[in-house]
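The chain that follows stands alone, in the form predicted alone, written as structure tokens.
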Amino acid sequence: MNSQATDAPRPTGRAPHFDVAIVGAGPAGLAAAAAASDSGARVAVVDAAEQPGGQYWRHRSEAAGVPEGGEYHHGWKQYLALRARFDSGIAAGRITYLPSTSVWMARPVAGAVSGAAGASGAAGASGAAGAGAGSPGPLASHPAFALELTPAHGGGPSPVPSIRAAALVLATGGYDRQLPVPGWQLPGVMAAGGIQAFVKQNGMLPGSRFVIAGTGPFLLPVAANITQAGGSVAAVLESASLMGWLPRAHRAAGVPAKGIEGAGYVAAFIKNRIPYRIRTVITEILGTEHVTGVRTARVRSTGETIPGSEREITGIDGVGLGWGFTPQLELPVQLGVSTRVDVDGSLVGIVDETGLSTVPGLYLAGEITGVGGAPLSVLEGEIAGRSAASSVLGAQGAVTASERRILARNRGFAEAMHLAHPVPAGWADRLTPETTVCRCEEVSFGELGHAHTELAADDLRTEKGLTRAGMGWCQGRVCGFAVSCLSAGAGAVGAEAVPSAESAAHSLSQSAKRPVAQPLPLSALRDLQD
């Protein structure tokens, strides 16, 4: 926590009330906000970034007036259309946008959604919320959720420290899932998504020559963006064989836009002469003060390296690693949402076809219901935003037959993608006792192994208590998945690549359960209203 003192006056008066609050302004959050606003609801959108778009549509600073042509993006026209609806809602006073703001705690408060359903009119915002403020309506005395806010960066209080809403849509997205490898703590090693975000926001590169490694289609746009920005890619290393697509080709055919997108990457790889090596992994990242190269090897389906396949790639100054994504579940878990382990090993929230979670009045959209890409997130956001508004205003928000078909196709594609690009077996056998697993607290694979074998640490929470893994700045967001696997004895050749669904659900839910979801000034605790 940041204990920085502040001379700012303590906020007084009631927290602003809204019909629908939305957390996140990425593909799902933008779509949810637009849909809820179009339905006539008064909406609050809370987002940690300085401008809408999320990680997927992160772009250069609008405040600096830098022209953005969308050259690093897919679906840029869709973003512009959503942004137009979003901006229209702000101009009309239906959307209150709170950028550079994080939700550090979400909780149910007095009142129930069932009491709000069927009521007419919108609860107006009050206080310092800006656009959308007005006299509290009939729902304002019966809010269902309280969101406590803090600045996303720096100290001091949030201009609007707390809001209330009758319905809540969480669209918090996810972050890159990582597996440790010897040398990955060296400067120059980044998450694959981090490299892409750097390029999209700055129009430049955090290096000049890269190796991109991991699994999944996401590695392709990262490499393509690097060449677009003037860099070069020595190799893209995919741990899967791609044969896993063969029995699932019909699911890929159901989403032809993905095939067109993939063909574009093939053309980019040929044009820029980017080697794409399947069933190949990094076994060690080389360098002393900065990454200078990598050692690689081909692997069998069992995870064993193939003797004689080892090689070195040198002359690089950047490595991007990506093993899929981890949904950001702190807020859903705070609110008591039931979870399950998805086919890719991620913990996700359980929802119905409208996005309604197991908590009344709480909707989830995007990656936190299952990692499936931006088009699926946008559709889920549209449905969840519309449904949330309808639940408050008493209108109909049914899912159409067309939406059901598109949802099914995209979810089928996502499942096929996860099964074709699994976390590979044998990744833990390539670690040494000195390999750093938790980079924040500098906890090694050897220390984790000792806690597992000698002290019976068989879940993430126990490993955290015995070794400090996951206690640092990222709070396990980077190392949590790997520590969960290692504590369950997974990852070695001859063992499962990831824990069983039951073990993973127990371990990962412990990691996601945080009473304080984001760093905050101590003054925020002092100013809690109830």
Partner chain sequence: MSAQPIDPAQGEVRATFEGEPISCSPGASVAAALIATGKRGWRETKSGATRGLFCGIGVCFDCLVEIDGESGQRSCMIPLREGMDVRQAKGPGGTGEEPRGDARGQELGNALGDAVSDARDEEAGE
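What you see is a predicted model; the values in this text were computed from it and never measured. Residue numbers count along the first chain shown, from 1.
Although it is not shown, the form predicted together with its partner chain is what the next lines describe.
Though the partner is left out of this view, Q475 does reach within 4.5 Å of its partner chain in the predicted complex, counting heavy atoms only. In the predicted complex, its partner chain lies farther than 4.5 Å from every heavy atom of F218. For R439, a non-hydrogen atom is located within 4.5 Å of its partner chain in the predicted complex, even though that partner is not displayed. Interface residue remark: P151 is counted as part of the site for its partner chain in the predicted complex, having a heavy atom within 4.5 Å. With its partner chain omitted here, the record of contacts in the predicted complex names 223-231 of 337-345, 384-392, 223-231, 89-97, defined by a heavy atom within 4.5 Å. In terms of contact with its partner chain in the predicted complex, the residue from E454, D352, E310, E71 that brings a heavy atom within 4.5 Å is E71. This chain is drawn without its partner chain; in the predicted complex, the residue among I406, A268, V359, A252 with a heavy atom within 4.5 Å of it is A268. If you take 55-85 and check each residue for a heavy atom within 4.5 Å of its partner chain in the predicted complex, you get Q55, R58, R60, S61, A64, G65, V66, P67, E71, Y72, in sequence order.
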